[in-house]
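Listed next as structure tokens is one chain, alone, in the form predicted alone.
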């Protein structure tokens, strides 16, 4: 059976890209990275792709007069590579409604917060300032709003006494590396259905029990 062809869009070091590359290298994983595209030249994520033998390219947004013209080139490159699912992995450009519509339900993102809480930037600082007892990360389908769209997978971690934004970010990043490949697998296996703004996962085991912080 043909593997799902992924296009991974990055702007930096490519930490989540590496987790996807590693997952795709495992026997039986139902997807492969067909293309890595960065809007920033020279970032470490491109080195990761090259080391793994994955085709990579740069479409520098600074070379284009506006977002639609930039996105038209990105779209053409993705289509030429036969990409079936676009994965945003630290891609630091807002996408227009036109691009999002063209890739409707074939465009996913990972965000370092438990959406819909704390969309946008500085999520860890904001979570700590709000005094939440749990934080985490979310993989979701992309819609035109910032960090908006049907939620596919989430992972939660406890916020610890004395946490700093960096310490919390590191614990959440470990979970990002787990749930992004998991979401891709669910999509590639055809187990995801979007209805009325919610994601339904066929065959998912029920999640039982509760986390309490501080513990009982």
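Residue numbers count along the first chain shown, from 1. All values derive from a computational prediction rather than experimental measurement.
In what follows, reference is made to the form predicted together with a small molecule, a form of this protein that is not presented.
Colleague: Can you tell me which of 125-133, 87-95, 100-108, 67-75 lies within 4.5 Å of the small molecule in the model of the complex, counting heavy atoms only?
Modeller: Among the candidates, contact is made by 87-95.
Colleague: Wondering, does residue 151 line up within 4.5 Å of the small molecule in the model of the complex on heavy atoms?
Modeller: No, residue 151 stays farther than 4.5 Å from the small molecule in the model of the complex.
Colleague: Look up in the model of the complex whether residue 52 has a non-hydrogen atom within 4.5 angstroms of the small molecule, and give yes or no.
Modeller: Result no; residue 52 lies far from the small molecule in the model of the complex.
Colleague: Spell out, yes or no, whether the shortest heavy atom distance between residue 200 and the small molecule in the model of the complex is within 4.5 Å.
Modeller: Because no heavy atom of residue 200 falls inside 4.5 Å of the small molecule in the model of the complex, the answer is no.
Colleague: My question is simply whether residue 173 lines the interface with the small molecule in the model of the complex - judged by any non-hydrogen atom within 4.5 Å.
Modeller: Contact check for residue 173: yes, within 4.5 Å of the small molecule in the model of the complex.
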